[in-house]
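Here we start with a single chain on its own, the form predicted alone, put down as structure tokens.
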């Protein structure tokens, strides 16, 4: 296929944000080219995942040596610290532990499907990190638009009362909330309205188990959209316990669902690795250059160029920063690549007093919200508690590990089945997602010595956790101890400097270990001033008026919510601004032609 020389818009990245921006602008009649570095990649994802030995977020996709994706298996811990191999070079005291996918659909191809909104309090400033240049009210209409596009299942009254989120009168989610699991009910019965103490707060905090909004198909709500209802795409969630990374039923949203709705004005090219964004002498970007390759070509490629009125980078926080640094763009503030954030997740795990039947339903259907807000976040990082439905999978690995352990003890036959049922049937885990503040020392730079298959520098990550985050983890562990006591559960949590815990550290003499939640953010964050931020509140570069940097990389803070829904809302809001700017420029051009026409 021959690529036309010019488009109205070029979008770099076919993931969550890029797919939404492309659809919005395509619906506006603009000619949009989407360039995706990875392959289409997900046609046989379910089979690939089922046949792989190590079940990680990247294991559903065939390896692409030319455009590799960082994997959790690239990291290993030990008594001397951690080691990092693979695509990313890491130089920080602690590892950046989150993978991301370089494939069509991006990390939205293999995600948890949890879509809570950020709380209004998350947009405020609490004495650490950065300020948002917009508030919840600015984003609220776009939250609703994103919930329609994704197809969100939740109970609006529960979100209003249990989380404290404001919604317009009469609003309901497109689909009813997913049913709770039996484990959710057991925990709610034991914990609701009970109180625990936080070591950094003066008073107690009340517990309540609250449903988590899901990007999974549930019964449509007939009251949605003023009574017009909602027609979901794909099958209804069947409760598979293997829907991370890929849902066998297609009940979970992925960006491919949005891509299927693209109008004919949007063109997708995969295997197109953008390596330079071009600009003119006036500071406006003019287009991009990319490397086109075939699988198995050992790095052989052709270089193509395309011009556009507007360029949108939507290639993940790390890859956006890498491309900006390679192009020498948008860094008037010196903040490109800085402020890399994630949700470092502290896991605790144990056995309930009676069987609770784990491995039913999505990975998490409920959480505990009471530690997200309030004065405590001024002295320690806030956190949200996810109640995990999948036993000890994320903490230690799948139940195969239990089988191996019992076989090593010469337990076989009926006794093996009985003891496995007794152990696996009582497993549960709590996942504490800790907010990490923006810190300019956590950053992405370029490695001049290690290059990818096309000769471009690979990213270097320097990452650490502040004492603010570590105090959040210490508080989370104390809260976990009290929850386990209220449940009468056996606590099997143990943090050790071993290969499976590269995020191991000690704080105030106590051991901890964290996992990456896959919520990479920062690196081109938004602000109110060009002096200390990379983009404005529209995710537009301060330095280049027709360059937009969309995705979690723009977020000044993450709060404690999974960020995909907020990223989607921001992308839709920015797409409206792009449309206005394109139309204004088009009107200006037509006016100039008329005024300069011969009389």
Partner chain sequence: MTGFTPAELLATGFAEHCHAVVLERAGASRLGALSAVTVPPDPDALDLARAIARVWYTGVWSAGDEAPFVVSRRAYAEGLVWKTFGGAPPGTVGPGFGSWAAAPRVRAAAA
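It should be emphasised that the depicted structure is a prediction, and the values quoted were computed from it without experimental measurement. Residue numbers count along the first chain shown, from 1.
The discussion below concerns the form predicted in complex with the partner chain, not included here.
- At the 4.5 Å threshold, heavy atoms of residue 164 stay clear of the partner chain in the model of the complex, well away from it.
- Of the heavy atoms in residue 404, some are within 4.5 Å of the partner chain in the model of the complex.
- Contact check for residue 413: a non-hydrogen atom falls within 4.5 Å of the partner chain in the model of the complex.
- With a 4.5 Å cutoff on heavy atoms, residue 236 counts as touching the partner chain in the model of the complex.
- Think of it this way: in the model of the complex, the partner chain has a heavy atom of just one of 457, 500, 357, 232 within 4.5 Å, and the residue is 357.
- When you look in the model of the complex, the only residue of 325, 528, 420, 156 with a non-hydrogen atom within 4.5 Å of the partner chain is 420.
- The candidate spot formed by 53, 182 and 362 is fully in contact with the partner chain in the model of the complex: every one of the three has a heavy atom within 4.5 Å.
- Annotated contact segment (heavy atom within 4.5 Å of the partner chain in the model of the complex): 392-400, selected among 437-445, 120-128, 392-400, 378-386.
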